[in-house]
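Below, in structure tokens: the form predicted alone, a single chain.
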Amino acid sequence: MIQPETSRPFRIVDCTLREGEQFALAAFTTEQRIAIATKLDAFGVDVIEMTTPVASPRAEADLRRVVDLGLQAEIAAHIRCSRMDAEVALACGVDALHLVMGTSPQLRLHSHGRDLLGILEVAREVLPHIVGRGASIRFSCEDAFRTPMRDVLRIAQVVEDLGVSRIGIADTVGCATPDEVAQRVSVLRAAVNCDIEFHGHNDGDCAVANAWAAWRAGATHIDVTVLGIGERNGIASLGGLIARAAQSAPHSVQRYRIDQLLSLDQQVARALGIEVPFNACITSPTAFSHKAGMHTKAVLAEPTCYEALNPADFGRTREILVGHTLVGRHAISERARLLGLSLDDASILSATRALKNLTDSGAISSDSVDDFLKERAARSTPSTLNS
């Protein structure tokens, strides 16, 4: 029986060093892989998934290097359902083998060329040789959401009987909706006893919502990458999952070092040669910035009016923007207070109006606003100053 959401944890499978390597702009060096793996471990992810060691000599060497770091996270190799791939990965000392095989009609026809019976035949040939060898085994159905559900269930039941630790279902082309994910995971959950992993792409802009729906429906492991990078436009982002969880099930993020999310996103962004995206949950430069007068008034009085997340929990601070035409008098009053300027209500209102006129043709910097307020305070007559 599934535990209720309020008590059942999820486990994070971070795929930055596998799925993330497939992002168009990614070309991580050995040093970057080691640094990212170390940072992910410090954050507390449960599993670090890495590229198959048969991809290249350096892929194998880097997998060995990460394994040798002795991290707390489980180190997994993402491989084909192949004895050769499995043996190479096991020789690298991995903690887990993440097998994948295309199951949709499209991939059966145009990828490996096997029908359902052929997929089961490969699983029956490979799994008995690797189960019980000291590594946990996940068997994932690639493109599971374009695979008939009866086929997903048949595959899942066979590989569970063969001893896998976890069944993976992947929304490989990002076509699923949260309702569809919840329905499929629920059916799968009722059919197997082993753990369930969800991997969802973001082609339909539902990756985080789908991941959340999967967990609520009974999935135990959720795949993410830092910044959501991956093939095409990526998968669910680590920051997005944490943001969703921190709002809806705060207990579920207590075991992770969420205050390190900003530096983790910044580190991967630097490795990619990009900036942290403006809309990255929690870690974007403007994630906790407030601008409109109505918003700033309420936030200054009670931050939860317009903040569902506490920036301090993530090592962030809120910013009240003042150098723009939407600025309100409450924001100007607070800015003056922080500067140690004593301006009465009339002076604040006058300064606000003047700033609106000044910025109507374009925003100015906070430093310029400070200089503006200091100048007005210096020109104020005693009758306009607070006693």
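Note that the coordinates shown come from a computational prediction; the quantities given were computed from them, not determined experimentally. Start at 1 with the first residue shown and count on from there.
FYI, the form predicted together with a further copy of the same chain isn't displayed, but the following is about it.
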query: Non-hydrogen atom within 4.5 angstroms of a further copy of the same chain in the model of the complex for each of Thr51, Asp143 and Cys281; finding: yes
query: Contact segment among 65-73, 336-344, 42-50, 322-330, judged by heavy atoms lying within 4.5 Å of a further copy of the same chain in the model of the complex; finding: 322-330
query: Contacting member of Leu264, Leu188, Leu99, Cys206, with respect to a further copy of the same chain in the model of the complex [4.5 Å, heavy atom]; finding: Cys206
query: Position in contact with a further copy of the same chain when the complex is considered in the model of the complex, options Val131, Val192, Ala123, Ala292, heavy atoms within 4.5 Å; finding: Ala292
query: 4.5 Å heavy atom contact, Ala55 to a further copy of the same chain in the model of the complex; finding: yes
query: Gln106: touches a further copy of the same chain in the model of the complex, heavy atom cutoff 4.5 angstroms; finding: yes
query: Partner proximity in the model of the complex: Ala176 to a further copy of the same chain, non-hydrogen atom cutoff 4.5 Å; finding: yes
query: Any non-hydrogen atom of Trp212 within 4.5 angstroms of a further copy of the same chain in the model of the complex; finding: yes
query: Stretch 13-36 - residues with a heavy atom within 4.5 Å of a further copy of the same chain in the model of the complex; finding: Glu21, Gln22, Phe23, Ala24, Ala26, Ala27
